[in-house]
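A single chain comes next, written as structure tokens; it is the form predicted on its own.
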Amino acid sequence: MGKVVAGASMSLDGYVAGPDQSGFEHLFDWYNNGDVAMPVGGEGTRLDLKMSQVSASRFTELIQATGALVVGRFLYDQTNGWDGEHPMQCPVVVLTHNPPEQHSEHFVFVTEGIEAAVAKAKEIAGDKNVGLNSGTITRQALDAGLVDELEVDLVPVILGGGTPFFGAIANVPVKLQGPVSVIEGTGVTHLSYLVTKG
């Protein structure tokens, strides 16, 4: 049985996007600051990344372990539905109040809430992990007790505001175990924590 994993590139002050959706060039600099070629995605979604060896190995493991993603409608719209297929080339469950009339077969739209969205993603993922988008999706999943692990790609930048990774979580404190892994990449530290249940 796979895990439910929430992960994101995060600034030192806790943001996954800066003010007015800025700062991504800093948060994702580690995707292209190395010498290991990491082509990701298929036709129409291909990204030619170049990471450090350490980050490339971790990123490869992440992709191989993930069987489905859960994202919100905001991200889906911001990326234009990734032009039909997510770069990780796995099915995506989109939590929304208003499903679009037309969409790619690679996307499933759920309107019944975070529990239903995660349950559908687990069904799709099988023995692999379910990955959660940061921000609202992660906050809702943490409040519902659905998250097994947090993965933070901590980037040495202070954005000073914007979209927080976790937001205003209702059921606090959320106790974590770990870090269960600390991996030093180039311009990023990959951290992993287990979420204490009960």
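Because the structure is predicted, anything quoted here is derived from the model rather than measured. From 1 onward, residues are counted along the sequence shown.
Below, we refer to the form predicted in complex with a further copy of the same chain, which is not included among the displayed structures.
- Relative to a further copy of the same chain in the predicted complex, residues Leu142, Leu159 and Pro173 are all within 4.5 Å by at least one heavy atom.
- In the predicted complex, no heavy atom of Ala37 sits within 4.5 Å of a further copy of the same chain.
- At a distance threshold of 4.5 angstroms between non-hydrogen atoms, Phe28 is out of contact with a further copy of the same chain in the predicted complex.
- Using a 4.5 angstroms threshold between heavy atoms, Val152 counts as touching a further copy of the same chain in the predicted complex.
- Contact check for Asp20: no non-hydrogen atom falls within 4.5 Å of a further copy of the same chain in the predicted complex.
- Of the candidate stretches 29 to 37, 144 to 152, 58 to 66, 129 to 137, only 144 to 152 has residues whose heavy atoms lie within 4.5 Å of a further copy of the same chain in the predicted complex.
- Of all the residues from 177 to 197, those having a non-hydrogen atom no more than 4.5 Å from a further copy of the same chain in the predicted complex are Gly178, Pro179, Val182, Glu184, Thr189, Leu191, Tyr193.
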